[in-house]
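A single chain, nothing else alongside it, follows as structure tokens in the form predicted alone.
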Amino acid sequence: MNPLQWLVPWEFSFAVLMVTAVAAMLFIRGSLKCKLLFRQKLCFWTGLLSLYVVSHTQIDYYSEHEFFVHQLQSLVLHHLGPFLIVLSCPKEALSAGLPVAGRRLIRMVSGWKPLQCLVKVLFHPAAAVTVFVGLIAFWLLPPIHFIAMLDWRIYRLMNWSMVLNGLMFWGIVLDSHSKWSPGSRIVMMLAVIPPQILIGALIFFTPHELYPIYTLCGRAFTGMSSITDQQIGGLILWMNAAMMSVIGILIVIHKELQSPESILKSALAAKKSLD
């Protein structure tokens, strides 16, 4: 296959194309007005392009025909892509890239009481952890997964829900300006590890085929058995759940140590010890 053919969408999605294009345009416009570090630009573009590649290229074909590839796709959609975008701190740049009418619309919508109540509930640590883990468990329930892989509308709903929830969760835990303390955010990241490990372990150790839809639709890699495919997929969820949270925890600790308040406290403590 010509390398450029890998970029051709397996199933064209106008929504994916437009959202990616609008986000890119706003970030470029905002970058011209805001002073951004190279690290911020690298994280944003890597995150945005990774989301696009796994959902709107030929990789999407393999994710629909092999369970372990689907798990890799979910890892990018729910973890890696949103993680990198949030890490780039794009809020200021995206806001600066909006036209005046767009900023007015956002201010108007954000003032709606029902929306404020919904955001307050969803962004509570307990709700954020529950929804984050609950989405993974829900879409991996064999009957639900079977339907999602057959119906393109439910399949896209699944992918969009993973991306939006990933942005929400990582936005809460990685935001140094969050109203929640660093300790609370670290606890949130620790809390999502055991359920993901448990789900991955259940998939890995199940001796029979949980997701026959991949066999019915035809597997992309004919030399791989359904159980091997299933075990690799379980391992991906099992191992990477801890990895992403550990990286997030280290970032939160690093930011906290580098904050002016932390530096001031350390200086005062050092001065007190010398006195």
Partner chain sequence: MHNRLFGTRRLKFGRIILYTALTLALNGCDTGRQQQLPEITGHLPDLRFSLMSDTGQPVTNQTYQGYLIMLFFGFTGCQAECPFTLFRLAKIMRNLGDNANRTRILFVTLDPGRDSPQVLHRYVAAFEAGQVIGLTGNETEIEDLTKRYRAAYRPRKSDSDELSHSAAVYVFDPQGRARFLVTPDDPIETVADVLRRLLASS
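Positions refer to the first chain, counted from 1. Quick caveat, the model's predicted, so the values are computed rather than measured.
Unshown form predicted in complex with the partner chain; subsequent notes refer to it.
- Every residue in the set Arg153, Thr215 and Gly218 has a non-hydrogen atom no more than 4.5 Å from the partner chain in the predicted bound form.
- Contact between Glu11 and the partner chain in the predicted bound form is found at the 4.5 Å heavy atom cutoff.
- In the predicted bound form, none of the heavy atoms of Val76 sits within 4.5 Å of a heavy atom of the partner chain.
- With a 4.5 Å cutoff on heavy atoms, Met149 counts as touching the partner chain in the predicted bound form.
- Put simply, Phe44 is far from the partner chain in the predicted bound form: not one heavy atom of it is within 4.5 Å.
- A single residue from the set Pro99, Pro143, Gly183, Pro114 has any heavy atom within 4.5 angstroms of the partner chain in the predicted bound form; that residue is Pro143.
- Scanning Phe27, Tyr52, Tyr62, Phe68 against the partner chain in the predicted bound form with a 4.5 Å heavy atom cut-off leaves one residue, Tyr62.
- Across the options 114-122, 175-183, 77-85, 154-162, residues that bring heavy atoms within 4.5 Å of the partner chain in the predicted bound form belong to 154-162.
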